[in-house]
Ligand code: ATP
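Just the one chain here, the form predicted on its own, laid out as structure tokens.
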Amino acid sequence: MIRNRAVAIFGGTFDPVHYGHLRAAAEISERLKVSNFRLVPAGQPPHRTGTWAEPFHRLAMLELAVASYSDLHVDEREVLRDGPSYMADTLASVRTEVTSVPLLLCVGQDAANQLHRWERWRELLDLAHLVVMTRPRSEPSYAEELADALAGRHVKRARDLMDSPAGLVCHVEVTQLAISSTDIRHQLERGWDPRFLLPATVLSYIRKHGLYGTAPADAAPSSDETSPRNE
């Protein structure tokens, strides 16, 4: 497959990364034919006080998840940067590296509906195209000021994004996978096995480091575990 030179950005907390994230990334990468699709874990997400796993853990899990996929990459700039992880800052930083190359900001429909609440949101379309990842039953619901800002920018074909560096909007449908990081964390806290919801390498990392309420792999066994059992 011939790939174009565009750079795609897909941000999130990835706390933890799961197959819902990865499938959406893979489909957008394929549909837009980009060879440089970057998943960007937030260092300090501005919309909440913190994350359940430290940034370096989330970064490491993401790197494990995409290790065998040549078109998917991890961009660590938000983890390394001090202060809140604002997407406007991230896109401005990437833009200094790729100059006139098409830059694609990939967000889900729910996030797109709230775009007017993002820090310096009007700058985003000056820096990148907006790729809205839609799923069945996900509907655009834009505030008036956001709808006005997006008016006249919509294109129907993803390839139309490749003729300019920024400023357009394209909706691309992706497969709906009913997986959430919240549900995975809850399963782990309860001692359930969330296998097949996230890569095995990520699950092994979680257990090795005792994340999300799991016991670290090197933790000493309890007295019950060391006591003889009557079968």
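The first residue of the sequence shown is number 1, and the count goes up from there. Everything numeric in this text was worked out from a predicted model, so none of it was measured.
Just so it is clear, the following notes concern the form predicted in complex with the ligand, a form of the same protein that is not shown.
**Q** Using heavy atoms only and a 4.5 Å cut-off, decide whether all three of 90, 93 and 120 touch the ligand in the predicted complex.
**A** None of them does, since no heavy atom lies within 4.5 Å of the partner.
**Q** Where, among 133-141, 95-103, 120-128, 81-89, do residues come within 4.5 Å of the ligand in the predicted complex by heavy atom distance?
**A** Every other range fails; the passing one is 133-141.
**Q** Considering only heavy atoms, tell me if residue 70 and the ligand come within 4.5 Å of each other in the predicted complex.
**A** Contact check for residue 70: no, nothing within 4.5 Å of the ligand in the predicted complex.
**Q** Report whether the minimum heavy atom distance between residue 182 and the ligand in the predicted complex is within 4.5 Å.
**A** The answer is yes: residue 182 has a heavy atom within 4.5 Å of the ligand.
**Q** Taking the ligand as it sits in the predicted complex, is residue 107 near enough to touch it, meaning that at least one heavy atom pair lies within 4.5 angstroms?
**A** Residue 107 belongs to the contact set for the ligand.
**Q** Residue-level contact is defined here as any heavy atom of the residue lying within 4.5 Å of the ligand in the predicted complex; does residue 111 satisfy this criterion?
**A** Contact with the ligand, yes.
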